[in-house]
Every structure is written in C-alpha cells, then in structure tokens.
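In the block that follows, a single chain appears as structure tokens, in the form predicted alone.
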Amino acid sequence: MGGRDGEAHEAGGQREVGGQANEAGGQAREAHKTHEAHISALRAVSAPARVAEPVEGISQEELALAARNHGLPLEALRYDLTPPGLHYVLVHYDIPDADADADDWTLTVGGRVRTPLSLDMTALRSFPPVTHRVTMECAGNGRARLTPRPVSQPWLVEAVGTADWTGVPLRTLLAEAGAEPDAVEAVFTGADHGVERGVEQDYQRSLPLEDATADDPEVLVAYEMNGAPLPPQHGHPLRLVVPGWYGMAHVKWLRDIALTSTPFTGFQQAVAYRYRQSPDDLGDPVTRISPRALMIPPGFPDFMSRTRVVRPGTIKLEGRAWSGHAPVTKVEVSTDDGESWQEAELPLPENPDGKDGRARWAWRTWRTTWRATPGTHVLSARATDAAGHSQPLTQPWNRGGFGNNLVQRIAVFCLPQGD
C-alpha cells in the first residue's frame, strides 16, 4: 500500500510539474508573440538595405543623413592635424548626452577575463598616457560616386581626418584584466542606441584578440583629441581608436569591453560592414583602409558646381595620401583625366615615425607642379602603398558602398591668357 501511495504521490507531482510546464510554455509563447510584434513594428520604420534605381536621385532621408554627418572640406587637407570641427563625423544614431555624467563615466572590462575591471575617468587617466597620430576614414567614403548607388550616407571623397588621440593602450587594460585562455575576441559597446534595418541595438563592434592586444598598430582607449577632451561628436568622454582600420571599428562613447570565447555575431559585425555583391552573399568583413590620395583643389571654386578656376601658368598641386595596410610609397598625378601619370614628390616627415611611432598610421604629404593652359582639365591623384595596393581607375562596386577608393577627379577651368 505504501508503494502505491508513493506512486500516486509521484504521479500527482508529475501532474503538478506538467501544469507548471504548460504555464511556462504559455508564457514563452506570449513572450515570443510580443517579440515578433516588436520586430514587426521596428521594421515598419526601419527599411532594409537597397541600391538606388538607375535614375533615382538623393532622397530626403539621405539628405538628412548628409546634414547631420559631415566631411572634411578638401581645402582643410593643408592642416597636418585636422581641427576637430573640420574632421569628418559619422554618427549612427544620436550623440549621447554624456556631459551630465562625464566625471562619473565608467568603463567596464569583463567576459572571459580573470579580473573584471570597472574604471572611472580618474582611474583611466592614472595609467601612463600614450598619443598616436591616426588618419581615420569612413568605410563608406566614396559611396555616392558608385553606379548603381547604394542608398545610405552619401559620401563623395571627404569622409576623412587626422588627429592626435591620447589615452590608454587597450592592451594595457586587457593585461590588467587578464584574458582567459579561451578568449578569442574583444567586443566593444558604445552608449549610442538606435534601430538599423529593423534591429534595435547598442552600437557594438569586435576585434580579434590578436589585433586588440597588438603593439603595432596599438589600439587606444582615448579620452583626448588634439590635446583636449573629446568633443561630443567624437565620442566624449571615451572612445576606441584602431589605427589603420576604417571608422566603424573606432567605437565612440565607449561603455564596455567584453572578451568572448566565440566570434561576435552582432549586427554591425555580421550584417553591416561587409563587402557583398548580392543580398544573399555573406561577404567578407570590412577591416583595413584601402590606399587613397586626395588633392587640395587648386584655384578658386564656383559656388554650386565646385568647378575650380585657375589662371594660366605654374600651379602648385598638393595633398595627402594614406593606407591602412602599409605606408604609402608612391603618389602619381594626372592632369589629363587619367591619360598619363607623373610621380609626385613624397617629402619625408621631420621624424618619419614621430614620437613612439605615433605618425606611422597618419597621412603623408605629396606635392608637384602643373603648367596650366587655357581650357578645361580633369586632375587626379592615386596612391600606392608598400604592400603593393594601389587605387583603382574603375569602381570597386559592392552593395554597401564600402572601400570605394576610386581615384579623385577634379574639374578645373583655366582662364584665357591675359585674364
């Protein structure tokens, strides 16, 4: 009898557990429905990626992006160090309101580490500071020059700038935390939050651990730009600086660093910022900056067309060149729309590596002269780096419009003799 009572009690217990399971299952189904409704609502206001139709112009949405983001005025290439207000800016979502709690801003370092860290700005400034001069370029620079045109921030060639960034080497912080043997990536989370292609998210990117802990290029957790606190649009009070990599890797308003034992598959890593030829193409990840040379437009401009006007005679041509793969070793200039090319002078910096190698990942000056004659001319410049990468003369098309380093073309009208 006791055995049967025990069996009855056990059966009753199973019925009770089964009831709890049914209740939990119902809650899970409701949560799933809510989640699906949430995603559906977000997709209604967040369009998928697309390519513009052949005759489609810039939309109001793209114009709004172009108004809130901005590029470097090309005449500002004359500055070795870009003033912060002239440096290119791309903000994915909103600039966070960090002013109120900047003094209390905390960076956490966790995940697959032996000693999790929580560092305020005072603690970060207690580490020996390091400064690197770094040229930063948006991965979408040149997108609006592609045919067909990917619909997004419509950059021409101006999404670039060079600054002195001061902060703590990332490898110093990771050494302090102590990476576990199974750690393979570092994931960086910013305070900016928004929706992209139907996905609500904080802005997050990752780096392989070997890149995060490298000494060349040395990744910085930066709190100063050109010797002053970071401006709001450049990540105040804390950002990542990854020399040689396109701008999407330089996470702004940095809040958290987490080491992971598996590759990060967040939106900005696995969906955005990939070289794709079709919607179904998984693509290769966007990483290092392709070589590019830009020319300071000579003469003076027409207000609307930006066509340059010069007078006959000897004209100085100069600009900047850079690459995220290796140092630039050659710049060539064409004054006849690419029909012929002449090598420009590449003056050595006063100190080629700068203090502690800080200038290794910054742009280089190039210069030459041109004998302008009356008529219309198209000027171009192209860069080649020490690894053999050179700018193409035909567009390197992809659906995201990334890494388009097609040579710059500047239309110039030379006035008749005597004007």
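Note that the structure is predicted; figures quoted are calculated from it, not measured. Position 1 is the first residue in the sequence shown; the rest follow in order.
From this point on, the text means the form predicted in complex with a further copy of the same chain, which you will not see here.
*Asks:* Taking 4.5 Å between heavy atoms as the contact cutoff, choose which of G266, G178, P84, P327 touches a further copy of the same chain in the predicted complex.
*Replies:* Only one listed residue qualifies here, and that residue is P84.
*Asks:* Of the options D97, D284, D281, D104, which one has a non-hydrogen atom that comes within 4.5 Å of a further copy of the same chain in the predicted complex?
*Replies:* By the 4.5 Å criterion, the partner-contacting residue is D97.
*Asks:* Given a 4.5 Å cut-off on heavy atoms, tell me which of 211-219, 106-114, 334-342, 84-92 is the interface stretch with a further copy of the same chain in the predicted complex.
*Replies:* This holds for exactly one stretch, 84-92.
*Asks:* Against a further copy of the same chain in the predicted complex, would A67 count as a contact residue? Criterion: heavy atoms within 4.5 Å.
*Replies:* Looking in the predicted complex, residue contacts with a further copy of the same chain include A67, since a heavy atom lies within 4.5 Å.
*Asks:* Does a further copy of the same chain come within 4.5 Å of any heavy atom of A41 in the predicted complex?
*Replies:* A41: yes, in contact with a further copy of the same chain in the predicted complex.
*Asks:* Flag L156 as yes or no: does it have a non-hydrogen atom within 4.5 angstroms of any non-hydrogen atom of a further copy of the same chain in the predicted complex?
*Replies:* Looking in the predicted complex, residue contacts with a further copy of the same chain include L156, since a heavy atom lies within 4.5 Å.
*Asks:* E61: heavy atom within 4.5 Å of a further copy of the same chain in the predicted complex?
*Replies:* Answer yes; at least one heavy atom of E61 falls within 4.5 Å of a further copy of the same chain in the predicted complex.
*Asks:* Give, in sequence order, every residue of 181-212 that has a heavy atom within 4.5 Å of a further copy of the same chain in the predicted complex, or say none if there are no such residues.
*Replies:* The stretch touches the partner through H193, G194, V195, E196, R197, E200.
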